[in-house]
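Next up: just one chain, as structure tokens, the form predicted alone.
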Amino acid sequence: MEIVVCVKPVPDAETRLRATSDGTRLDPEGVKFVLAGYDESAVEQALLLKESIAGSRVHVVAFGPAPRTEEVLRATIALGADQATWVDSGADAGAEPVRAARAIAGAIASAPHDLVLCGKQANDDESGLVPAALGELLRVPEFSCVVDLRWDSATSRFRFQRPIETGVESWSAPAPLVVGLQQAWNDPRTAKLPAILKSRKAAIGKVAAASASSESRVVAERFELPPPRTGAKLIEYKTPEDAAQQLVRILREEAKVFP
């Protein structure tokens, strides 16, 4: 089975962010980039399927600028991916999701892909649009928010579940298929040092930015951080009832959220 995993480099949750001088995008200077959280699960799910289905291969594809995208791809090779392709976005570090999907679809359309796995959404823009756009562009069915993804060799179909507001849906679908994954069977694994060192020398395919996709139809007008927090106020109390009374007084007299 040929499994393609689409990943995205995003700022580490502990990295301090700031806007550029013109306020239109994130300033990448000094920012540490890592795999998006749900993408980590997608890579883990691909590796689990590879281990359970003889002859399977995992091909990881990422769209983005240098050097962050290549670093993230090398991290997936260290985890066990067989092949990596970097779709170079050039200087456009904040491409809209549909443009990114066009670029990725162009890179993998002619390559074997029984299953295209994505994280259900990236934890920077939270758009969740790439899996659906890939399904449309590749002309294959797409399902998002997927858990418990399995391959049923007896029926040659994928079986999986989708949590919904009232419960859980159970689905089955044949390959090829695009899946926006919510959770893998296991927590994402950690790469071992020998694999990390080996990944630094691994060959990574590259698709030039000029041929990657058309121009973006969406332009960011402004990027701004939320206002700084004003700090917490500690309440000294002897009983829970005392704490509740003090909290109500503060909300009414100081915060003025109650009449």
Partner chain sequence: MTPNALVVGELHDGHLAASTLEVIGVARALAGGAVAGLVLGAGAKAAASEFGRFGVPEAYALDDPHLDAAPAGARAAPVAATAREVGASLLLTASTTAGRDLLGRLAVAWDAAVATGVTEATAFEGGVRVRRPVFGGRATETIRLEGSRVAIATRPHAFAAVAESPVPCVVHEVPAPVLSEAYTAPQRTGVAVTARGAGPSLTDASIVVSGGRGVRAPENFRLVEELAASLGAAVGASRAVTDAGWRPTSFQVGQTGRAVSPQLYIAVGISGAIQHIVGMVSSRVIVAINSDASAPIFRVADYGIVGDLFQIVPALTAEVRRVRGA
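If you're wondering where the values come from, they're calculated on a predicted model, not measured in any experiment. Residue numbers count along the first chain shown, from 1.
This next part talks about the form predicted together with its partner chain, which is not shown.
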Quiz item: Just to confirm, Gln183 within 4.5 Å of its partner chain in the predicted bound form by heavy atoms?
Solution: yes
Quiz item: Is Ala103 close enough to its partner chain in the predicted bound form to count, meaning some heavy atom within 4.5 Å?
Solution: no
Practice problem: Indicate whether its partner chain has at least one heavy atom within 4.5 Å of a heavy atom of Leu26 in the predicted bound form. | Solution: yes
Practice problem: Give a yes/no on whether Ala111 approaches its partner chain to within 4.5 Å in the predicted bound form, heavy atoms considered. | Solution: no
Practice problem: Could you check which residue among Ala203, Ala208, Ala54, Leu225 gets a heavy atom within 4.5 Å of its partner chain in the predicted bound form? | Solution: Leu225
Self-check item: Stretch 239 to 258 - residues with a heavy atom within 4.5 Å of its partner chain in the predicted bound form
Solution: Pro240, Glu241, Ala243, Ala244, Gln245, Leu247, Val248, Ile250, Leu251, Arg252, Glu254, Ala255, Lys256, Val257, Phe258
